[in-house]
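Only one chain is given next, in structure tokens, and it is the form predicted alone.
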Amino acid sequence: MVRFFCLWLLALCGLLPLQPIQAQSVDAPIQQLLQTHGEIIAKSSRKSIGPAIDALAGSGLPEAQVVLQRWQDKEMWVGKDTGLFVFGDKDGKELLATDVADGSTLGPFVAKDFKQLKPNSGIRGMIAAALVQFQLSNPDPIVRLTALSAIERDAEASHLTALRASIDGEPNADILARKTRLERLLTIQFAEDDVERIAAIKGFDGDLGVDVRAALNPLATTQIVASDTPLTGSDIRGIIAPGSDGFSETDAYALLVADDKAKPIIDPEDQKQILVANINGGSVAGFPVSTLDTQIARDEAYAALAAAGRADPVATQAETATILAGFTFYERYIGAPPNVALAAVAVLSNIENKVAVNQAVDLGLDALSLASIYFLAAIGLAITFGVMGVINMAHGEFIMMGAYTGYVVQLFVPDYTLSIILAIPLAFAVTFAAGVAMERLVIRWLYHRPLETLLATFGVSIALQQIAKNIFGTQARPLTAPGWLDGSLIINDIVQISYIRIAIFILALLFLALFLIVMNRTRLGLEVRAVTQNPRMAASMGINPDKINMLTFGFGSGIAGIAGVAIGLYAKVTSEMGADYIVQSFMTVVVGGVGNIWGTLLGATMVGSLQKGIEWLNPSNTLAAQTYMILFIILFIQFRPRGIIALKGRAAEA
């Protein structure tokens, strides 16, 4: 109050102006333009404000962008007596004003002598659309990209002209491509010339972008109309018969009723209630109640009521077929002029065909990705079960141990790339040792006794799960992938695959190569193959089958641990994670061929592809998809009990 009183006193003494009349650039072009449209600007009505905004946006004045921006931000004021416009910042009862032309300070004034322009949301939206042309030509590429994103979210017809004007001077090739694409999309939506729209539509032939389909689908919109006379014209797509293409006879009759071309059908229960309400002296419209025991009789009684004006006229079920036969139903284009709609339909048809092909490719990549995960999970089992003939129900827990090993390593090594590199050999060492211990303590006493082996390893599985719960708890633990594995390889809007899945696929190939090298190029592999083919002959040649069994079981368990690290990057790490892969692992080995690495690879591909295919057919029920897959595997084994590639040797004989 004290400050305001002092200012008012200075104003009375002539030391402080009350209005920005003399100091302001009254003759500035921007002020003159505002004065020309001053009345409608001050009124701020959305219905009438358009010409003022368009005049500012199209004036070419360098101050126009600032004026529009400050107006949008409710920072523009107009003098009540002078009608001159200023930028202002209200501070209590005074207004700190600046010139709209050059931004110079005009001084503090009494705020009540000015009217603040407060555009509503509709006007602010119109101003925002006008500002786009300035943003599209802004020297800062980030500003230009932001403007393009804003147009993509909420395009308007006014954006098309501004976008076209900004294309020629665009220096950035990527932004230019984006502008050009967006200009074609806006041409499809807002251009008045059908020739331009058709040319833009044809330019997107085969384009898989979701934005293209979003722009074209409304143009191909049709409406079903009924006529009792033949309809011709370019807007007629064709005839649609009731009962076909998802257009039922009920839908067709409902359309006739909606168009007042047929009487409505009454529900039988509603009909009964109306008949009951009109019982008079034991009869309804002259029909004895005792005779209304059939639908035909009730229809006749109701028709008599309708004829007497005591009920609304309706059609009986028997009449609907006759009424429908008197009309032909047509599909008519309503989304755009016929030539534009036909062009959109043709392009959409080609796009849909290409979409179907790409969806098949994407499904194939998903199947290949899942197959690589199953192969990683099953490759260790292919050794312990396929080569040694040991049914190891704790195999999933070795996968779990490997994943938890990776988690523990990341607790001490925060660099995710380095931690994964360290976790892979460490997981192999941990699970190799666990496998050797299990073979020495349990498995070695149960060879050639599959039922006892199954029960014993199942017990070990439960014990290992409980130990993991006691140590790590029941909550899922994070095994974080390195930053360079974030995101996906995007081929187009349909086909994409995450970098983690690509890494798992590459790791599966490395495992395959490692296995082949070990089995075919090392002494251990030679001895394993010898023991597999003929253990007695191998023993007579100086090979210790007991030692080979121990190392083989440990090797298979170690590979399961490494697989756990890879799978942990993709799936949740919990004490039960192994149970999610044990069934698929056994199916992979059995289907592929017990003890054959190439069979395991083929089995993983078959199981992964089958599961993805069934999930695609039944996407809402994953459990049902797995059930169908197991049933198919059972049927497959009935016809090929030894799998795709049968093993010759001990496993085959077992």
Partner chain sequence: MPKDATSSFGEKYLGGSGGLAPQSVGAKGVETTFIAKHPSVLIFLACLAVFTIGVTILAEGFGIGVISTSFVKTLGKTLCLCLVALAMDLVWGYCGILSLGHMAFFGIGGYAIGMWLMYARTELIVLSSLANAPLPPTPDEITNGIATQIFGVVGASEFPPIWAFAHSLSLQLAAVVIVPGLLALVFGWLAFRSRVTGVYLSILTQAMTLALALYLFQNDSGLRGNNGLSGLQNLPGLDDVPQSAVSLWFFWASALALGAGYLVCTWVVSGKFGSVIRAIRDDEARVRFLGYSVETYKLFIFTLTAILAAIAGALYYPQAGIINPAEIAPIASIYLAVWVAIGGRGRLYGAVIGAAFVSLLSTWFTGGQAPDINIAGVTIQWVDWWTVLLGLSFVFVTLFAPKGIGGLFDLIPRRKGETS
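In this text the structure is predicted, and so the values were computed from the model without any measurement. Definition used throughout: the rigid core is the maximal C-alpha set that superposes within 1.5 Å between two forms. Numbering follows the first chain given and starts at 1.
Just so it is clear, the following notes concern the form predicted in complex with the partner chain, a form of the same protein that is not shown.
Though the partner chain is absent from this view, in the model of the complex it lies within 4.5 Å of a heavy atom of just one residue from Leu56, Ile41, Leu601, Val594, which is Val594.
Note on the partner interface in the model of the complex: the residue among Thr250, Asn470, Thr522, Asn350 having a heavy atom within 4.5 angstroms of the partner chain is Asn470. Stretch 272-280 is the contacting one of 428-436, 537-545, 272-280, 226-234, since its residues have non-hydrogen atoms within 4.5 Å of the partner chain in the model of the complex. By the criterion of a heavy atom within 4.5 Å, Arg298 is counted among the residues contacting the partner chain in the model of the complex. Contact check for Val67: no non-hydrogen atom falls within 4.5 Å of the partner chain in the model of the complex. Using a 4.5 angstroms threshold between heavy atoms, Gly326 stays clear of the partner chain in the model of the complex.
Interface residue remark: Ser290 is counted as part of the site for the partner chain in the model of the complex, having a heavy atom within 4.5 Å. Across the proposed site, Ile188, Val195 and Val345 without exception lack any heavy atom within 4.5 Å of the partner chain in the model of the complex. Residues from 432-458 that approach the partner chain in the model of the complex with a non-hydrogen atom closer than or equal to 4.5 Å are Leu441, Val442, Trp445, Leu446, Arg449, Pro450, Leu451, Glu452, Leu454, Leu455, Ala456, Phe458, in the order they occur in the chain. Once both forms are overlaid on the rigid core, the distance between the two CA positions of Thr453 between this form and the one not shown is under 2 angstroms. Once the cores line up, the CA of Gly206 ends up less than 2 angstroms apart between this form and the one not shown. The rigid-core alignment places the CA of Asp299 2 Å or more apart between this form and the one not shown.
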